[in-house]
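Quick setup: one chain, the form predicted on its own, written in structure tokens, and binding and motion questions come after.
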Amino acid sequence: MRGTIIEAILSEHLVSGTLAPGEEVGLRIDQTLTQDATGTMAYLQFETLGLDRVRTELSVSYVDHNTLQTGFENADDHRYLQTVAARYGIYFSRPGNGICHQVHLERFAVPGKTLLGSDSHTPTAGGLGMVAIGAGGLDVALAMAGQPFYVRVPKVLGIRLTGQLPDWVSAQDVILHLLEKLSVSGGVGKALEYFGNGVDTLSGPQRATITNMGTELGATTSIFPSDETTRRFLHAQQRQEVWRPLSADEDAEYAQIIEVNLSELEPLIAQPHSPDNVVPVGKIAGTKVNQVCIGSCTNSSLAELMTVAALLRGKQVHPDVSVTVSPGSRQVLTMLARNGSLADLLAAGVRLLETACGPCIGMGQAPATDAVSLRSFNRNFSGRSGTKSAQVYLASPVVCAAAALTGEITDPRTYPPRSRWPLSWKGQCC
């Protein structure tokens, strides 16, 4: 791992141990995040430590999982989380602010810092050059107390990206390609570090989509360089002052290098019931679809949802398909409303859901018995949707949008190239 971005950040945060793959090290943690499904226990554990304030640079408590309030239980949890945040100097993101990983990208992610989260998809922040790791609530509680986080040093896989994504091929197709190649256990004990000239062609949110689903490989974390694209994203969020450049040394040593030519990728889809059961969309085109859900921490950025809105504009979703969209944050929802995209979605017959995890964690929108559900999410394990007999497929938002119109799995390359669309937002990074 010599000369890698991972090595550089871990070296800056090393408290104990030796940076050699497989060795246990203690790391200083700069930031923590929790969500409400795991946060209550984490903060109860933190309270037993007897401290007056958290000792991290920044800690955030998000409410984005258990947002249905059909009884008092969730509301009571949320009230506790808000009061404990105020007591110990923790930022509190209340229900409706958005999904923790999307909001953390917008508001708090800092290149070169470490982030520990009580959610498995915490590595999303690696899209902005953080070493971000998902862990148990007790680990997060101890990190908030200023204690090191102990982890075995992962082997670093170098993912060399070349070329540029063709029309209708999305960031999710990049990680689905790697899942097909490596499997859901192929990243265990490893970290993925992306480099190569293809990196320059990917926006900040696209990079975050890829690092988000690195979790499905079993990887400890995933990371992209911090470059001009990162700076532009942070500038758009009025946080340019936290930017710093980060890249691997030219002679960086990786445990393995995997070559991915973005120009050669095509729209992919994960079949039931595993994210690595991947085939080209064209191979199963024509499969009838009953439900389409777009959003989650994987694919709910402004650019992705504007693309969906543009594809649906002036059309109607298929009468046999229920279509939902979950914007990733209040910021995304507000911008969709202001630029007219939200009206396009609603006019097409889309059901707008809260800016929360929602269907991804089985919180509402359980499909009908034996239904086929196509989702732009990260997991499709049996029963996760809330319906044991449902057949859940995973694909990019544009594949989902195409199916919403046709009522069946459809290769989006049948539509006019996006490069011909007069979209003023193209190239923006928020």
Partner chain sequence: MLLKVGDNITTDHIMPAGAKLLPLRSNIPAISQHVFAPVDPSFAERAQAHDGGFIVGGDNYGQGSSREHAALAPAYLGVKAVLACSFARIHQANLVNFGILPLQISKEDYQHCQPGDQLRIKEVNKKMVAGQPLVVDNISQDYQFIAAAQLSQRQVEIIQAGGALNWARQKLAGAG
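Residue numbers count along the first chain shown, from 1. Computed from a predicted structure; not experimentally measured.
Form predicted together with the partner chain: not shown, discussed below.
Asker: Can you tell me if residue 29 lies within 4.5 angstroms of the partner chain in the predicted complex, counting non-hydrogen atoms only?
Answerer: Residue 29: no, not in contact with the partner chain in the predicted complex.
Asker: When the contact criterion is heavy atoms within 4.5 Å, does residue 185 count as touching the partner chain in the predicted complex?
Answerer: Output for residue 185 is yes: heavy atoms within 4.5 Å of the partner chain.
Asker: Is there a heavy atom of residue 147 lying 4.5 Å or less from a heavy atom of the partner chain in the predicted complex?
Answerer: Judged by the heavy-atom cut-off of 4.5 Å, residue 147 is in contact with the partner chain in the predicted complex.
Asker: Residue-level contact is defined here as any heavy atom of the residue lying within 4.5 Å of the partner chain in the predicted complex; does residue 120 satisfy this criterion?
Answerer: Close contact exists here: in the predicted complex, residue 120 approaches the partner chain to within 4.5 Å, heavy atoms only.
Asker: Which among 164-172, 72-80, 337-345, 228-236 is in contact with the partner chain in the predicted complex, heavy atoms within 4.5 angstroms?
Answerer: Of the options given, it is 72-80.
Asker: Do all of 136, 139 and 384 end up near the partner chain in the predicted complex, with near meaning a heavy atom within 4.5 Å?
Answerer: Spot residues vs the partner chain: full contact, yes.
Asker: Between the options 93, 301, 220, 296, which residue brings a heavy atom to within 4.5 Å of the partner chain in the predicted complex?
Answerer: None of the other options qualify; the answer is 220.
Asker: Though the partner chain is not shown, can you say which of 405, 54, 371, 363 has a heavy atom within 4.5 Å of it in the predicted complex?
Answerer: Contact residue from the list: 363.
Asker: Judged by heavy atom distances of 4.5 Å or less, which residues of 251-275 approach the partner chain in the predicted complex?
Answerer: Nothing in this stretch is in contact.
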